[in-house]
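Take a look at this single chain in structure tokens; it is the form predicted on its own.
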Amino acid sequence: MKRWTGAGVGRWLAVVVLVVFAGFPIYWMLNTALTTGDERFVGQSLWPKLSRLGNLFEVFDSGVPLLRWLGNSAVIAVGTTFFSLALAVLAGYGLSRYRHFAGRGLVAFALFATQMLPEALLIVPLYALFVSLGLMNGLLGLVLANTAFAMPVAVWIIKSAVDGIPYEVEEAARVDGAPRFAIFAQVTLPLVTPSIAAAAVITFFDGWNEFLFASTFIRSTEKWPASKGLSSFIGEYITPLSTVFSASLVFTVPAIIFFLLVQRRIISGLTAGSVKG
């Protein structure tokens, strides 16, 4: 029988506190979504009325194109993830392995500098660029804009992982006659899969939570992402809180599921390269 020590109990208590702290927003969204307006103003109960779970699906019958908005968010998130990783894997490998090419430091600094500029600062020049390229009122423009901000983060994550792989591993494959791209695809890439998964989560969330660019570049309500669509529920005189929180819960669930599926790889990926053997 396992004996509990003071340190073990303390760790479990810390885990419980963190789980409660992280899960409380989800719990409160569910509770508010299942609470009527009268009950809310009289005094909202701390316990959700689970008998009303069917009310969560009423948001799909309210005339709001929530499913279309969720589909738009999925297109933006998947597109941002795909383009960011396709570029970041190659760029991260190049910055790690090709250390003597001209301009390497400038490229690395440029990628780092993109994180210093807030997105709102670039709205005006991006607007002019989108108009000239015909990207206004389209999801492709949102994918490209989000890729520009998410890809540098993915590059640094993957570069750190590649730095942690001994160069001798690739040299052994080269001695066996493997070409450079085969070494990259069959030797290095599988070893940095955890970091790629971590970068995928970050870029996916960046696209899934898209709001600022959609508010500026998208005119048609049918092409809004869900985050922008949810903001339209807020009225000047009245806001249907039950509808807002029901839709917010539906919007949150896919991201939570995605995170839970890859959480182990996130941890190993983010710590890859931090300690070299």
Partner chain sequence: MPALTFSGLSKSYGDTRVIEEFTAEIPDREFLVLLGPSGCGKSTMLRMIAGLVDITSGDLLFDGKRVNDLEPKERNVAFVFQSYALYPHKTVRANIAFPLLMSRFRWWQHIPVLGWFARRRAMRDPAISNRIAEIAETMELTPYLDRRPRTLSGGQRQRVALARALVREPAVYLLDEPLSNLDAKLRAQMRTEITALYRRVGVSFVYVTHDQVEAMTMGTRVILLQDGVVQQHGTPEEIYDRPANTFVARFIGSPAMNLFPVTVTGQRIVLADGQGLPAVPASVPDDTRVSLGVRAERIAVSRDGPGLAARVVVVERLGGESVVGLRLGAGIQDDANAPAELRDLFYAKVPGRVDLEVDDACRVQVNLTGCSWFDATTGRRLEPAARIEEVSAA
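Everything numeric in this text was worked out from a predicted model, so none of it was measured. Positions refer to the first chain, counted from 1.
There is also a form predicted in complex with its partner chain; it is not shown, and the following applies to it.
Although the partner is absent here, V187 is a contact residue: one of its heavy atoms lies within 4.5 angstroms of its partner chain in the predicted bound form. A residue is said to contact a partner when one of its heavy atoms sits within 4.5 Å of a partner heavy atom; A74 fails this definition for its partner chain in the predicted bound form, lying far away. Contact between V78 and its partner chain in the predicted bound form is not found at the 4.5 Å heavy atom cutoff.
Using a 4.5 Å cutoff between non-hydrogen atoms, A178 counts as a contact of its partner chain in the predicted bound form. Taking its partner chain as it sits in the predicted bound form, the stretch 160 to 185 comes within 4.5 angstroms of it through a non-hydrogen atom at E168, V169, E171, A172, A173, R174, V175, D176, G177, A178, P179, F181, A182.
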